[in-house]
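Given next, in structure tokens, is a single chain: the form predicted on its own.
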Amino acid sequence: MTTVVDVANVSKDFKIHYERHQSLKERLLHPKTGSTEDFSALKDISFEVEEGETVGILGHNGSGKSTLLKCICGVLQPTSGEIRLRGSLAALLELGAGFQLELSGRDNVYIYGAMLGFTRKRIDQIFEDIVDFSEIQHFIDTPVKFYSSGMYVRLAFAVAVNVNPDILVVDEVLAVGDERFQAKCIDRIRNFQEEGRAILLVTHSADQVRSLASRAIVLESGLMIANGTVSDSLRIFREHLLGDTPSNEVNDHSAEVHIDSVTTPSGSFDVHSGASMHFDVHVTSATAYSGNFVMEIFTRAGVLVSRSDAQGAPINLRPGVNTIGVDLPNIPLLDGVFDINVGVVDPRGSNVKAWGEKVATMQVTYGGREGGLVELDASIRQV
């Protein structure tokens, strides 16, 4: 495999200014006021991306995700370290980045294309494809200052994916726009994957990472705390970063409550479609704790089938080993293998206390000929 992105010992520092002078008069009258503080946004980050890989990057706001991507794209220069790229790169960094508000969508297509390194002749060749993908034909000659956030994303994404880059960098923009267009963008990303292009994807959506990425990186306060399989990185992301409390407090909570194992009375997670199932989740708690229980079921392709409502499943853990019983009265799934995740969260459902990723695998068999994920038990009659 060919390495197309090589990030080697990259750090990025900024200066934060306090009581900064707002005018020349203030600077002359108070020359010694104000102070600065060094802030490290990235701290010695190293990783490689191979040709054909899709790497998800996760982390809290302020963890350094966007700064890292801007360094990779050349928008920012690292304070130290080196970034080497092999092949052409297209980036969707932030909403409307690079757009000239007073110019039309048509003009911005050519400007954006030039920023990506393409000639006017090349943009002429793909212009209609860009407009068709963006679905804003009626507004292509309107100044972009009148565009909605969804229209910004449509146009920027359409340019980036139609220039067919070797490396695609996407920063959170898939969170904007309607679901149908998001699905269209994800389909194009999957096409890129099939063509062997490299993709760097920053998102807050664990589901998107699970569905699209072959590997995941987790950042916290400028440090890379995980770089491995999607399941391992998502576990670390959930245990260390979810919620709005400091990470060390989350770590303490994770140690207090632990998912031990998941068992069934029969010893097997094989089940027929339409049948019921019971399984027990064994949880150890260091202290008495009241929270909520969460369960997720995913296909092997990473598609979310079901997630329980944390607010609707309160539990009261006692010190020691606890058993939480889960009853599924009617499993409507068709043939397939499904992974089960379970967890304990705080009463608000925002902070993860304990998490078990792929704690069990459910094999569902179905005797009919229907296709898809679920049996809707439709009643068909002629009227």
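From 1 onward, residues are counted along the sequence shown. As the structure is a prediction and not an experimental result, all values here were calculated from the model.
Another form, the form predicted in complex with a small molecule, is not on view; read the next lines as being about it.
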query: Partner-contacting position among Asn316, Thr323, Asn61, Thr36 - heavy atom within 4.5 Å of the small molecule in the predicted complex; finding: Asn61
query: Contact flag, His204 vs the small molecule in the predicted complex, heavy atom cut 4.5 Å; finding: yes
query: Proximity of Thr67 to the small molecule in the predicted complex, heavy atoms at 4.5 Å; finding: yes
query: Tyr366: touches the small molecule in the predicted complex, heavy atom cutoff 4.5 angstroms; finding: no
query: Any non-hydrogen atom of Asp166 within 4.5 angstroms of the small molecule in the predicted complex; finding: no
query: Heavy atom of each of Glu53, Phe181 and Ile199 within 4.5 Å of the small molecule in the predicted complex; finding: no
query: Which of 352-360, 339-347, 53-61, 326-334 sits within 4.5 Å of the small molecule in the predicted complex, heavy atom basis; finding: 53-61
